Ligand SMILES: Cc1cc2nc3c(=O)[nH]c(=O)nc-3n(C[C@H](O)[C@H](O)[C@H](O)COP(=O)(O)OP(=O)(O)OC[C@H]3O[C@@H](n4cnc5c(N)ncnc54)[C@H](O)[C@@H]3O)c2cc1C
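Shown below, as structure tokens, is a lone chain in the form predicted on its own; questions about how it binds or moves come after it.
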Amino acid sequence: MVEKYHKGMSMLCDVTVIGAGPSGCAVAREIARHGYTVTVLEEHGQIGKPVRCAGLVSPRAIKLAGVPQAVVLNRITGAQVFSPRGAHLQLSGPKEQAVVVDRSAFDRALAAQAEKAGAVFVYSARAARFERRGGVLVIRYARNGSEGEVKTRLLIGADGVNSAVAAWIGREPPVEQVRMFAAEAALRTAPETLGLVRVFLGQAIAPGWFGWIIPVSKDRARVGVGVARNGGLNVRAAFDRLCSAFPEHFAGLRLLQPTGGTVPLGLVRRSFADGVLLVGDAACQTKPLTGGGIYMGLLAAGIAARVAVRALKRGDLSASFLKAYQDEWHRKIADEIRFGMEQRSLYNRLDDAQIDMVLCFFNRPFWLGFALRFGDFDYHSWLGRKLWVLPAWLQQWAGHGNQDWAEN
């Protein structure tokens, strides 16, 4: 089928998905399971490469993806959070909060499921041009120095932060973008902290974001830093600054596979058009406080598949019908995105001294227990809304110094 497309036999398929990341593979899988013809155009030569994600997901996301437990490399029960002025706190308990996955294997498992359901993958195919012709959409793509064509009834853009499909339908730009440097690294982790992610805060080293160490095994970790503000700061320079600020945590570090990328943040209001849907990073379906997008993208992919199947059955691929997709995913996660963006705005107003004071304040048994009870890896608002007094408290703290609340 790949060669038929590429040699010019422009066959009409029901659905074409641009991008074979988790969201793209999941939506292709679900639509193909209903018997529709699905083509997936992937710009890279293989699934899961290059890796541009830390691979830290919730058990909920693993279940939603339906991938085998073999992709799980480590299980996370908590986090240590450090400020540049020496404050730190540790949140940990018996409950599994997240898992570290082999991202390449995770993506390959989803792609294998989609292929088993009947989806056809075309690799090394970069979508170059879109047009409407005779009631169908035509996608022209570049592949190995030449050009191919796919005709489709429905186009789904799962092509990431720089989505060509999103640009074609005029989706508004993200509210913010976070630039990241990350790497798989040789770095030893003590057995007693193997289940803990380390998070490093500081506006001087990671403006508007944070640095991280995610343990994969006792001698391997995923490390990185993000920059959301101060656009002139090179992300690799930010990572070097992070290592210098916390030398005891990065001692013996050896980078094995550096990577990077950009994460879009903020709620978009145009994830559909006539014959078109957007999922995953192409629709900015990411968590504003951590940048994670796998869970939200998978959730939206399931919704997109259900709406797509209904639209194909009715023969109505108009924007007015496909709007049901955006309505549903907004009901499920729009409030979460809005809440995260509000909390980002709050965090961005803090300087390093205030970040230090916040960590000191929350490093008490009452608040640590409170966070463990109500915190959720995917739904940050569940804890945040319990702390409804937090913005007023921060203003009071900044204005009056070290009031001593909740000592117990």
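The shown structure was predicted, so the numbers you read here are calculated from the model rather than taken from an experiment. In this text, residue numbers run from 1 along the sequence as written.
Here the subject shifts to the form predicted together with the ligand, a form of this protein not shown in this document.
Novice: Among G55, R126 and T262, does every residue place a heavy atom within 4.5 Å of the ligand in the predicted complex?
Specialist: The answer is yes; G55, R126 and T262 each reach the ligand.
Novice: Looking at G78, G302, P215, G160 here, can you tell me which has any non-hydrogen atom within 4.5 angstroms of the ligand in the predicted complex?
Specialist: Partner contact (heavy atom, 4.5 Å) among the options: G160.
Novice: Pick from L201, L267, A228, A182: which has a non-hydrogen atom within 4.5 Å of the ligand in the predicted complex?
Specialist: The residue from L201, L267, A228, A182 that makes the contact is A182.
Novice: Want to guess which of 368-376, 29-37, 339-347, 55-63 is within 4.5 Å of the ligand in the predicted complex, heavy atoms only?
Specialist: Contact-bearing stretch, as computed: 55-63.
Novice: R103: heavy atom within 4.5 Å of the ligand in the predicted complex?
Specialist: The answer is yes: R103 has a heavy atom within 4.5 Å of the ligand.
Novice: L277 near the ligand in the predicted complex, any heavy atom under 4.5 Å?
Specialist: Taking the distances in the predicted complex, the answer for L277 is no, it never comes within 4.5 Å of the ligand.
Novice: Looking at the partner-bound form in the predicted complex, is G291 within 4.5 Å of the ligand by any heavy atom?
Specialist: Contact check for G291: yes, within 4.5 Å of the ligand in the predicted complex.
Novice: Do V15 and the ligand share at least one heavy atom pair within 4.5 Å in the predicted complex?
Specialist: Although the ligand is absent here, V15 would stay clear of it in the predicted complex, with no heavy atoms inside 4.5 Å.
Novice: Quick one: which residues from 35-52 get a non-hydrogen atom within 4.5 Å of the ligand in the predicted complex?
Specialist: Going through 35-52 in order - heavy atoms within 4.5 Å of the ligand in the predicted complex - the hits are L41, E42, E43, H44, R52.
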